[in-house]
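Only one chain is shown below, in structure tokens, and it's the form predicted alone.
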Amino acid sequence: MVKRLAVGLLLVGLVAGLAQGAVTIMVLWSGAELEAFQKVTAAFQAKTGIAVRVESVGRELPGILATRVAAGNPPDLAAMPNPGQMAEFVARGALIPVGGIVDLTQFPKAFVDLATVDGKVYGIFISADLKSLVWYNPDALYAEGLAPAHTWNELIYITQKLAARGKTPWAVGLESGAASGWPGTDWIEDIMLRTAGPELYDQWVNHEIPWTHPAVKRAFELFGAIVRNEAYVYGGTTGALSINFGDSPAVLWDKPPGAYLHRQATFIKSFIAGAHPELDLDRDVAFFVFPPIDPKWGTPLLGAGDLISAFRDTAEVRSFLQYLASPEAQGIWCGALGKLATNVNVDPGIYPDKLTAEAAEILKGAEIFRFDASDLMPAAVGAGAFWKGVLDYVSGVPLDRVLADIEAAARAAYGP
């Protein structure tokens, strides 16, 4: 009887603690992404009574989070800038394993593996983005007598054909505040997968080949053949360097179109809808998969995801992690943004349009999938020297010098 009473009191105390508790989470999201995440936290609070304080710090999150961790004042949880920086926090002993907290069988093995360091899982992916997509305005492209490309040669044909007619083929935006340059790294990663294959790609990620390797140089050159051509890009190289990544695709739906093609991940759909609310996304917006280059490597897919890790182990943190991993939370988050859920039990009916459902099917059928290379590299390289190298290269800095600079940063970051 005494034991039952003690357990009862313990449970009452735990519930009371939860009702009065709170968690803090640092995120980089703003705008529609922040609004969607606040819907998730509101649903969690309504369900548990646990308040969630969201610290939105924008693209400066990597530096701010590192400073807070170094000062011993991290948030309870944070959206990790990338798995590479997550691993750095693990090496400092700053993160808690989530394996005993969250049911990891709800997630595809590939995403569990991406959050695993030395056999322990330190984060959960609450959503994914498919990056290997080329977006277009079907009315505008077909009006030119052109169609989606199935090969690199067809893509170059479309590019050259439009330019010869005095039209601008591509909209490219590399500006992203302190993270400027990252959209270009995605281009190079997609090209690298298609010209060097996944094994060499993995060696590149792990710095088992230098940045001066011919395969890396070729990927930059193919990227540069489009983006450094003043006639191929909206606003020329100055436009590519100064236009924000989220604003960039809007010109495809201007009248007349400012450009015809835009390479970007699934998340860009929300930016397109924001810039052109009059569009019927199912009718007016389309994409095709970034085409193969070397037939030997087929059409591998590049992707990324939103990774959450925890710095403190409390009852409130555990409860919030479990909720974020749930189909309910991912249904709210992905349904609002058109991101792809990582929980295999999420109802496909949550996707807001056929574009997102189509992307989910493409991701599901991928024969070769690789995570964004820059997100896997140490932050000093993947979220530093690589970003800067893209901007330098597009600005006109000789490629050999750009690659040598990144290689120097990589040697310092990876160590001997």
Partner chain sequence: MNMGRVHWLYLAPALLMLGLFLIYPTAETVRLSFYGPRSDVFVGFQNYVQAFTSQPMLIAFRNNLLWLVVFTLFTVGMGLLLAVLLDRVRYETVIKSVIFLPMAISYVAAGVIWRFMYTFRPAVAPQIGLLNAIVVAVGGNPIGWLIERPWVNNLALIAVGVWVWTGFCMVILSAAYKGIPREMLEAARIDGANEWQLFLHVTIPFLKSTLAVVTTTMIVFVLKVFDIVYVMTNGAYDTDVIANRMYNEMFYFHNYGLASAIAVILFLAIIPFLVINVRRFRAQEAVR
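Positions refer to the first chain, counted from 1. Predicted, not measured: the structure shown is a model, and the values here were computed from it.
Below, we refer to the form predicted together with the partner chain, which is not included among the displayed structures.
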Original post:
Candidate spot Glu60, Leu391 and Asp405, all three in 4.5 Å heavy atom range of the partner chain in the model of the complex?
Top reply: yes
**OP:** Heavy atom within 4.5 Å of the partner chain in the model of the complex: which of Thr238, Asn229, Thr314, Asn345 fits that? Just give me the one.
**Re:** Thr238
**OP:** Would you mind picking the one in Tyr234, Trp333, Phe271, Phe220 that has a heavy atom within 4.5 Å of the partner chain in the model of the complex?
**Re:** Tyr234
Original post:
If we take heavy atoms and a 4.5 Å cut-off, which stretch out of 66-74, 367-375, 347-355, 40-48 is in contact with the partner chain in the model of the complex?
Top reply: 66-74
**OP:** Spell out, yes or no, whether the shortest heavy atom distance between Ala91 and the partner chain in the model of the complex is within 4.5 Å.
**Re:** yes
Original post:
Heavy atom to heavy atom, is Ala275 within 4.5 Å of the partner chain in the model of the complex?
Top reply: no
Original post:
Is Ser242 close enough to the partner chain in the model of the complex to count, meaning some heavy atom within 4.5 Å?
Top reply: yes
**OP:** Please run the contact check for Ser132 against the partner chain in the model of the complex: heavy atoms, 4.5 angstroms, yes or no?
**Re:** no
Subject >> Residues from 370-393 in contact with the partner chain (non-hydrogen atom within 4.5 Å) in the model of the complex >> reply: Ala379, Ala380, Ala383, Gly384, Lys388, Leu391, Asp392
